[in-house]
Each structure stands twice: as structure tokens, then as C-alpha cells.
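Just one chain is shown here, as C-alpha cells, and it is the form predicted alone.
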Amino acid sequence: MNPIISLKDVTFTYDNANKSALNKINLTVKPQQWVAIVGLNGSGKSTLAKLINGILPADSGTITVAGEKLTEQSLWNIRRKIGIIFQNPDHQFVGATVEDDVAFGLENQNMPRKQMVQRVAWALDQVQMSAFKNKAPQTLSGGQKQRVAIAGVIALQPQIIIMDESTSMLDPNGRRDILKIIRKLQQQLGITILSITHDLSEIVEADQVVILKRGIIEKTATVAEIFADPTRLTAWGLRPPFTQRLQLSLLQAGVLLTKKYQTKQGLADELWQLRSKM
């Protein structure tokens, strides 16, 4: 299967910077994968997203999206294949109502009105925001705003969605709801997800995890491989999620578990079984 995103020896340096923000990055993403890009602030995560979408031009190397090399000539065609959900949804709103906002991108594509109305209704239904279609986006809660932002992206039916720290302003419940919606849409529509985050609790659903540190890829692996050695995460400047920290503490206390868990629920179920045997 050919990759949907491919970066080969990609380097980028901001003006007047002493060091490259990204240095000879090589990355391959397969179609319909969920790939989490993880790292501390300043590691190059958001820069990577901007390079893939052509917002920033690479100093060197090649970027290919859906089989098409990113160039000045192919830039706008590639951007039509990518949707970005930003950290602050307020920065994406342009319509007076939720319905208008979701329709904005479709209007720019000159979609016939009848088809556009159907597409907007479908997108809002996917994120459970149909009842708010006549509301002003600014009056919504943080989680509701992010749902509208997602609707605006999926209405365009891109092949790739980039989530650039798009849940960092939400509470845990809101974050969990948004990730659940994205996972459902990925499975239903066959979308490739590139999730950029510094919160390791968000990566448990990922097929592949890429750890960035100071503009260099330190590790590419599965979630299980990343969490297998919490001490390595600390060395990369990352804090393991609660579930992994608790399992390490249990191991140090002599409590042996049957497996390593990525979610709180699985760990809680086994601890409950251990307790019932005491």
C-alpha cells in the first residue's frame, strides 16, 4: 500500500534561528492510519503540520501527499485533501451561525446549494450538533465549538485530518468525547488522522506514535512499544499517563499484572479481580 503522506530528508529553519526546527525528517503514513506526533513545546510538532499542508515551505527534502509531490504548482490541490482542526476553534469561525460556518468551505468550492445543504446537515449530524445549527458559534461551550470545527472539516470530506493540539483547551470529558468522534469518523470514512499533541493520554488509540525532540524523530513505534519502558519517556521529556505510572508503581510494590494496559478501565478491571481474590 502506497503511503498517503511521505517526508524524505525534510529540513526547515525559521528566519534568524540558530538551529533547524526540523532536521532531516523521514516519515511515512499509510492510508487510514491514526498517527500521533508527540513531543514537548518547541519539538517541531506544529511546524511539521504546517510543512505537510504547505503553510511553510521546506528548506530541503521532499513531501508527498496522496501520491502528489508538494510544490508551488500542486499546493492548492493538496490542501483540498487535508483538513486541519486547530487548538482554538474560535480562530476557525467565520459564519454568523453554526450552519453558515460549516457551509463556508463548501461555498468556496462552489458546491451547488442543494448538495451543500445536505452536506452541512450530514456533517452536523455526525458530531451531534444539528440542534445548534442556528446558534452563533461564539455562544457555544468549548467542546461544542470544537465539534462545529470538526463538522466544518469533514463537510469538505478530506482524505487527511490534522489535529493540531485540538483538544488541549478541553476538560477530560470534552477531550474524550472529541477523540471518540474522530475515531468513529476515521473508521466510517476511511480518513487518515495525524494527531499532534503533548498529552500522552491521547495517543492510546493511535496505530503509530512518532516522538519528536528538538526537531529530530527520536522514536517511531506502536503505543504498546512506547509505553513498555516509562523511563524512556522521561528521558524524552515526556510524562507517562496515569495508567502507566500506576502500573509502574504496582510493579515496584510487587503486584504482578497479567498484561500491560493502555486504558484505565482495563487496569481497573484487573485490580478489582485481584482485590476479590484477597
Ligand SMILES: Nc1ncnc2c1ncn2[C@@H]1O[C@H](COP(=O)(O)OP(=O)(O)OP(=O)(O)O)[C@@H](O)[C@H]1O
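In this text, residue numbers run from 1 along the sequence as written. Throughout, rigid core stands for the largest set of C-alpha atoms superposing within 1.5 Å between the two forms. Since the structure is predicted, the reported quantities are computational estimates derived from the model, not experimental observations.
Just so you know, the form predicted in complex with this ligand exists too; it's not on screen, but the next bit is about it.
Taking a 4.5 Å heavy atom cutoff to this ligand in the predicted bound form, the contact residue among R176, H198, R80, K135 is H198. The contact with this ligand in the predicted bound form, taken as any heavy atom within 4.5 Å, belongs to T47 out of T243, T47, Q33, N53. At the 4.5 Å threshold, heavy atoms of L40 reach this ligand in the predicted bound form.
Under a 4.5 angstroms non-hydrogen atom cutoff, this ligand in the predicted bound form lacks V10 among its neighbouring residues. Looking at L267, you'd find every heavy atom of it more than 4.5 angstroms from this ligand in the predicted bound form.
In the predicted bound form, at least one heavy atom of E165 sits within 4.5 Å of a heavy atom of this ligand. For D199, a C-alpha deviation of 2 angstroms or more is recorded between the shown form and the other one after rigid-core alignment.
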